[in-house]
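Below you will find one chain, with nothing else, as structure tokens; this is the form predicted on its own, and questions on how it binds or moves follow later.
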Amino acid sequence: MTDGGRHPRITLLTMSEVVEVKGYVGNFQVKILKKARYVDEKECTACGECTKVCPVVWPDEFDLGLSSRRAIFSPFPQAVPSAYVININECLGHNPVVCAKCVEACDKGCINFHLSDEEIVEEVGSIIVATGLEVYDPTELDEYGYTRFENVLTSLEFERLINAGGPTKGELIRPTDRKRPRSIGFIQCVGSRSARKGGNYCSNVCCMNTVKSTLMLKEHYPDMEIKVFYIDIRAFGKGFEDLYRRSRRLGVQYLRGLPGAVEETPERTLTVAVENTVTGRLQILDLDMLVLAIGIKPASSTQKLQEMLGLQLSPDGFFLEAHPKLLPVDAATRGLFYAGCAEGPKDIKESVTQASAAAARAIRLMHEGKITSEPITSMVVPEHCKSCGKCAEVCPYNVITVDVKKKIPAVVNTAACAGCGTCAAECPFGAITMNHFTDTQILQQVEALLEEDPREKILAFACNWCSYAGADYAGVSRLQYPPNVRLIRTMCSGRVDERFIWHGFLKGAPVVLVSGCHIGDCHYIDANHWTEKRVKKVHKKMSKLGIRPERLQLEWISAAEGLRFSEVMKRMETLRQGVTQDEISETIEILKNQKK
């Protein structure tokens, strides 16, 4: 962080929040809210005289409440910029009559209560999403007594307690009596690998963090009794197995099984009941202190940023990469990349590796100073355009301009067009064509797929980024689904024109499926809203014509939902089996008469 702050081509905006992102790859406009520090960061030398006179005492967030700070403080040691900050919600000085002692103590006059939040707009070519993580709050797991017993700590609190720069200067003490504990227990997978509470995924770092802590304790306190309660020890990284074995050689006891209950004795020690699954016996142990190895959660800003940037999330709530093997740091939206725990739980080594890869991908995209756009864009045929403005209304990127009053045909900014095809599907005059996904190409795919034995097939339109990728994930996961599914890939479910659906029924399809991203997760911001409206409109027409609306299904399937894709296709097969040949023939006759 210090190196980044000194770099002439890196601008660090601390205490800042991204509030809006507009534009496209190569031309993003990022609106940032920079919150007021109430201290001039360029003039402040972090001498600390202001904190000595501040009367407000508050729990220190960096030490997780194990120490205190003042209302004017440095967030953590070696913070960048090296300047103090005032929490205005705690400070009394914004009313000078009440306080303002820090203003008097500051010889350089750095403190200014009249500063206000600042709005900054940055124009950038690419964005790396590195939102970090949050740790699991174990208060809901009350069987471990975290809210009831002072000597039960989280692994993060324990880290600060044994850190040389922590509240006790690295001296391990019990919170209740300030004495060194003689025995310590570590409970693994708190908030991880649990379908009931917390996440059902492995948080990756907890096992080795505990092994590291046991090594540090044995190094400073060789006689200390240490027990680790675990499900599995996952020491899969380079050199990790050696550290685990070294921990065991030093006398750390690893018990396979998680405690079922924790109680406190009158002496403030902890009684832990655990079934050792190796021996099959229930063990009652007395410990002076208990440490909960808490798991990792996505950052709280993930949902907001996902909506802002049109990104996708995995079932665990982390950001979803474009491809787990071929594009592990790329988002589905071009020009966006991931680094660190934004994409999933990982340790420092993996985070650094991914950050380097994300930086390289961004450089590769931008080093020429120009962007080569994808050919999958929409194109207006001016002779057919009636200047109705429908295309501009539905475009999620606002890249279509049309003058309805002057009847000037629509124009597409091809550099900014993302190629969803919603405009082509909604154009009532057929004046918009989408390169590589033209109406003719898709209609011919429908005909080819239903040329032989159409009654035995399921016709499915699948969004490239979600449901089609979900089908791919189902295959990678070896999940079974009916082999008679015939997929037609479109860049977005918004590209599926009414005519494609009617043409499928006309060619004898018993059932048709339209599938895409979940509402709110669309790769093209909100294009799938138009899919939903279009399918509802087709359902109404089917009812009027006497065609069962159930034969047209709309399903939202994400790229990570291979199991859901498999289940949906099984339901579609059940539905297909209920459609008779007479019903199909009657549908074809109705649609032929409609054309006449």
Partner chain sequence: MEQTALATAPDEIEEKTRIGVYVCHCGLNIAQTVDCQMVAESAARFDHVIVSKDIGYACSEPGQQQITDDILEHSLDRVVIASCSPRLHEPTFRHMIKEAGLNPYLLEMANLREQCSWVHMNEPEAATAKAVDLVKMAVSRVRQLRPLYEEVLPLTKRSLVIGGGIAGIQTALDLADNGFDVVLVEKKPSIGGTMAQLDKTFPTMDCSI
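Everything numeric here is computed off the predicted structure, so don't read it as measured data. Residue numbers count along the first chain shown, from 1.
The form predicted in complex with its partner chain exists for this protein as well; it is not shown, and the discussion that follows is about that form.
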Can any non-hydrogen atom of residue 58 be found within 4.5 angstroms of its partner chain in the predicted complex? no
Within a 4.5 Å heavy atom cut-off, is residue 469 in contact with its partner chain in the predicted complex? yes
Quick check on residue 486: any heavy atom within 4.5 Å of its partner chain in the predicted complex? yes
With a 4.5 Å heavy atom cut-off, would you call residue 126 a contact of its partner chain in the predicted complex? yes
Is it the case in the predicted complex that 30, 362 and 375 each bring at least one heavy atom within 4.5 Å of its partner chain? yes
Of 167, 81, 328, 409, the one that lies within 4.5 Å of its partner chain in the predicted complex (heavy atoms): 81
Exactly one of 415, 98, 273, 519 has a non-hydrogen atom within 4.5 Å of its partner chain in the predicted complex; which residue is it? 415
So which of 388-396, 277-285, 430-438, 146-154 is the stretch with heavy atoms within 4.5 Å of its partner chain in the predicted complex? 430-438
Sequence order please: the residues of 476-515 with a heavy atom within 4.5 Å of its partner chain in the predicted complex. 476, 478, 479, 480, 481, 482, 483, 485, 486, 487, 488, 489, 498, 499, 502, 503, 506
